[in-house]
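Here's a solo chain for you in structure tokens, the form predicted alone.
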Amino acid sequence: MSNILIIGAGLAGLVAGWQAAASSTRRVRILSKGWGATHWHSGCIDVLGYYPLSNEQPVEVPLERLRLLIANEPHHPYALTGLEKIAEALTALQTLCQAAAYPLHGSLEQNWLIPTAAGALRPTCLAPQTMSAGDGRSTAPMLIVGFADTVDFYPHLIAANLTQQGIPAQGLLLEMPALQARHFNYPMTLARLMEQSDFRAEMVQRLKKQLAASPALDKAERLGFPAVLGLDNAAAIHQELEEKLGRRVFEIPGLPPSVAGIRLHHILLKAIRQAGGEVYDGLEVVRAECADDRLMQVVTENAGRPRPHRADQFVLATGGILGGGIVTDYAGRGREVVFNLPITLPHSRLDWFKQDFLDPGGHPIYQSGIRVNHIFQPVNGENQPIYPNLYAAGTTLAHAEAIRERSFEGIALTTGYTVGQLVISNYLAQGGNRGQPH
């Protein structure tokens, strides 16, 4: 039996598990049918990139716009956590990553503008040290370096689009024999090769030769690579490349799987397990059982037979519509997949989407989700907790359009951090200190 059971292993679930395990001697367990958005997001922490949604200019100072958002939208997840908790969660993650030799730089005082694999500039609050030299607020000339025989990274396209935005950039495709010997080379392939000193040495040698042969390329003050500079030693590899190439180096996040996101995933997994928590993937929670209006256990589908998992407190972090935690049907009905919790949803399917696909205000369907009270307990139509021992975190929460706001990771981090601490304090207040340590 677990004292705390968390369902979902995306950023919100992992952060909640990290905080719960680190804050107590209670037994904390995370169940998930698979890994979450860390594997397909950029590896940065977007707190607030656009607000109001109709504003086409990215947010420069998140702190200022967060104050406005909280004042205007009292039901938004950020309004429930508050500014102090947002800042605290960011600092805690930065401290954890610093200890893991993978620094995250940034603050609520200023957004970075990080290049994407399409050559756009996206606002983000915290960026890995391996990406920060690519900040679009600087106009220092760039050389975007890709690799022949790889997929989904086109340096000349990126360079052309950056140049259109006032950042002088050129593209270069580097040929590497180790890649030519393979039929397909994906980001994880490159990341593993980058961990090999021989591969890096050859890459540096070939790149230096190209720079020396072209005065135009040699003018670049910073070099952009796909975000594949290693899985376990990215910061050290990044530093090594800067020293050997004699100029700033930065990564550009691309299409999934996200190597940079997987790095954060690994750091959180390690922190949870070191604190005594347990994480299990491949276990899909299909239903819950309760007694006297209190959750008693959830049931997972296994290859052999259904398996029950009892706990005292439960945290739901399965994601919203985009993450599969909420599903809809042809008739316009929606439901939460584990506890069948009520969700906010436009009454008519005709109101789910705006007529314009790129409507600057976003689409109402993506603000659908679970309504919670001030301590993140899902509530019914009378604003009463449905189960006193159930909490929710992450993008399964209602009243935020995380993709359009560029707040996806910020909401997941902040609500996961808050709920991870809340569930422990509430559990102990209800007499949970009699439970067995893990």
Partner chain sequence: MRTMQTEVLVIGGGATGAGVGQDLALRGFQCVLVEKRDLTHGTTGRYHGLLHSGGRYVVKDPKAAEECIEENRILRRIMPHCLEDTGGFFVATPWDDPAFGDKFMAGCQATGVPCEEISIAQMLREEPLLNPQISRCFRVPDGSADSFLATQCVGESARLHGAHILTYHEVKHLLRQGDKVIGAVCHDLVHDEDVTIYADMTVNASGAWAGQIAGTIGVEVRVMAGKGTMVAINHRVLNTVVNRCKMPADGDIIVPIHTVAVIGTTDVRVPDPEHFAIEPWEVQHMLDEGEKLIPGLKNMRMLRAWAGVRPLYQETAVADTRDVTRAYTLLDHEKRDGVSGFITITGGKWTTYRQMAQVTVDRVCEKLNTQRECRTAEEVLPHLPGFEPHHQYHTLGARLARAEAEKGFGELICECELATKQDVERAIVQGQAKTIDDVRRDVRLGMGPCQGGFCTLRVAGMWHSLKQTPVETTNVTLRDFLQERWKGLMPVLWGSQLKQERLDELIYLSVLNVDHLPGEKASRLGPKMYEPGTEMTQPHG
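Numbering follows the first chain given and starts at 1. These numbers come from a predicted model, not from an experiment.
The form predicted together with the partner chain is left out here; the points below concern that form.
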Identify which of R200, R349, R247, R206 has a heavy atom within 4.5 Å of the partner chain in the predicted bound form; exactly one of them does. R349
Here the chain is shown alone; which of A117, L341, L80, A288 has a heavy atom within 4.5 Å of the partner chain in the predicted bound form? A117
Any of the heavy atoms of R371 lying within 4.5 Å of the partner chain in the predicted bound form? no
4.5 angstroms heavy atom contact with the partner chain in the predicted bound form for K33: yes
With the partner left out here, check for me: in the predicted bound form, does some heavy atom of F184 sit within 4.5 Å of the partner chain? yes
Would you please decide whether A402 lies within 4.5 angstroms of the partner chain in the predicted bound form, comparing each non-hydrogen atom pair? yes
Counting only heavy atoms and a 4.5 Å cutoff, which of 300 to 308, 273 to 281, 176 to 184, 128 to 136 contacts the partner chain in the predicted bound form? 176 to 184
If you apply a 4.5 angstroms heavy atom cut-off, which residues in 237 to 261 are near the partner chain in the predicted bound form? P253, G254, L255, P256
